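Below you will find one chain, with nothing else, as structure tokens; this is the form predicted alone, and questions on how it binds or moves follow later.
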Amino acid sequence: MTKVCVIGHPVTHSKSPRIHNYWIKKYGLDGNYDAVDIPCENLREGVAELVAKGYRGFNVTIPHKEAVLSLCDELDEGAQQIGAVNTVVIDGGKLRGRNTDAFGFIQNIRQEAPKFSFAAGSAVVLGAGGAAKAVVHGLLEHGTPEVFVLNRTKEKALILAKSSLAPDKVVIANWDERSKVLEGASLLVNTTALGMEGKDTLDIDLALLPRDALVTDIVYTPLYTPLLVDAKKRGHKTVTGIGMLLHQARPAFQAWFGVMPEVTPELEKMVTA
């Protein structure tokens, strides 16, 4: 049996076991995916225990995505560039770290808005955390000519720009300019927690955003955030955040089980139920 899991602290909130066990059953594979809570101070020992128990690999969620970097024997380009690991393949006792978040973001848009061109115009990204790093990486990889990054702490946005794939294509603007920079943009991405259940609503005026611009929010609780509801009312094509979660899981599943799984409406319905 192929054993895999997700590690984090806490980890009970993770939807990963539901996603991967759905695929294991769907493709008739001999495997199991569980959740393992590892406190920060026990990370090295906890990961070593997974190796000793014969795990094939694991996903990484908050707060371990950056800390796991130093435990890996190898890192793919995405993990190095983004500065975080969300997937580990255990091969002969070696830890091979990957980051599939950029893949998840890009594939979600490709599936839900197949006519959208990343190279058509500028993108505006709100936030400068780990998810924002992955989004910016994916956009630059796929030809977006200019990416505006805005964060409440400007210094964090500056660090993101400096470490990005193409610093000359990343423009840092002040948080209070978030409504102004929408003029002429072809894509708006919210990577902050604003709009999530229990959090403040994102305060932004979409008036200057071209009507043909795409709006997406990586928050998926609720599935349709206030930002997406407002954008839809204005006639924008919108993409919810659940697809990014589902698509980022696909390369990990393929690495462990040798099958590239599909994201289907049935899976989305099951995960969001």
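This one's a predicted model, so the numbers in the text were calculated from it and none came from an experiment. From 1 onward, residues are counted along the sequence shown.
Omitted here: the form predicted in complex with a small molecule. The next part is about that form.
By the criterion of a heavy atom within 4.5 Å, Ala131 is counted among the residues contacting the small molecule in the model of the complex. Contact annotation: Asn99 falls outside 4.5 Å of the small molecule in the model of the complex, judged by heavy atom distances. A residue is said to contact a partner when one of its heavy atoms sits within 4.5 Å of a partner heavy atom; Lys156 meets this definition for the small molecule in the model of the complex. Although the partner is absent here, Asn108 lies well away from the small molecule in the model of the complex, with no heavy atom inside 4.5 Å.
Interface residue among Ala193, Ala113, Ala161, Ala120, judged by heavy atoms within 4.5 Å of the small molecule in the model of the complex: Ala193.
Only one segment in the set 165 to 173, 145 to 153, 71 to 79, 85 to 93 has residues whose heavy atoms sit within 4.5 Å of the small molecule in the model of the complex; it is 145 to 153.
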